[in-house]
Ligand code: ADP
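Single chain ahead, written as structure tokens, the form predicted on its own.
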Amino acid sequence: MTSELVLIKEDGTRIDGRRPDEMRPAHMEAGVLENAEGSAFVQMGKTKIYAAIFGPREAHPRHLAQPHRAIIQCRYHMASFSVTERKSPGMTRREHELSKVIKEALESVVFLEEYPRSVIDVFVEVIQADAGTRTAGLTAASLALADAGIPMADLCAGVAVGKVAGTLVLDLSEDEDKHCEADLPVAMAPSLNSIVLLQLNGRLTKDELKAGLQLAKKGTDLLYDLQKKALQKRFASYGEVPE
């Protein structure tokens, strides 16, 4: 007989020892890819993601061009080796969906009117997946845009909140994601106090949703600080440190 997986222990801690409101260890770097205009690396727990920016460039084909603003083209992709069971190298339906979700979130903060008739290409590559890839991918893409010098109203930082064994938890791990009762990916532009991405898989009560958003805010604030520190480290050698 196999014992049932215990996701919340008797002392209230989670399967990996974290408290319900505790994030996984996170690490960020900006300017990690030499051949991109801007780039970033984000690690949250075992999830590892690179993001790269190319452009702004002239839109091709030209019928895609918008006369008064740039367009963002985003490609979110999971490497074949990023998951336990090898996936097809091609784009799946889920990857197309998350590409659109990340694109729309970025469009809400980028000053697109600064680059009329242009395209900004955003590439998000998941090289190791352990839950939270859409929010970590958006976090990385936002950091890469800042590294590229693309003007934005704010950075975007995202994290997933879940309901596990009746308990709301911050920053789901893979085991929690597979067995949770609800999954709430949230991304915010913290200095604007604005939500730029909000999805819900499963069901939460109104009070649980409010509490989940408060947990997400705690997580995004922590990630926002890491983004700013990564940019400060990146530009310190140039003698200028962005605020």
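Everything numeric here is computed off the predicted structure, so don't read it as measured data. Start at 1 with the first residue shown and count on from there.
Omitted from view is the form predicted together with the named molecule, to which the following refers.
- Query: If we take heavy atoms and a 4.5 Å cut-off, which stretch out of 163-171, 103-111, 148-156, 130-138 is in contact with the named molecule in the model of the complex?
  - Reply: Of the options given, it is 130-138.
Exercise for review: May I ask whether 176, 203 and 213 each come within 4.5 Å of the named molecule in the model of the complex, counting any non-hydrogen atom?
Suggested key: Answer is no for this spot.
Report whether the minimum heavy atom distance between residue 93 and the named molecule in the model of the complex is within 4.5 Å. No, residue 93 is distant from the partner.
| query | Wondering, does residue 87 line up within 4.5 Å of the named molecule in the model of the complex on heavy atoms? | reply | Heavy-atom contact with the named molecule at 4.5 Å: present for residue 87.
Do residue 37 and the named molecule come within 4.5 Å of each other in the model of the complex, heavy atoms counted?
-> So residue 37 does not count as contacting the named molecule.
**Message:** Within 4.5 Å, heavy atoms only: does residue 78 come near the named molecule in the model of the complex?
**Reply:** Yes.
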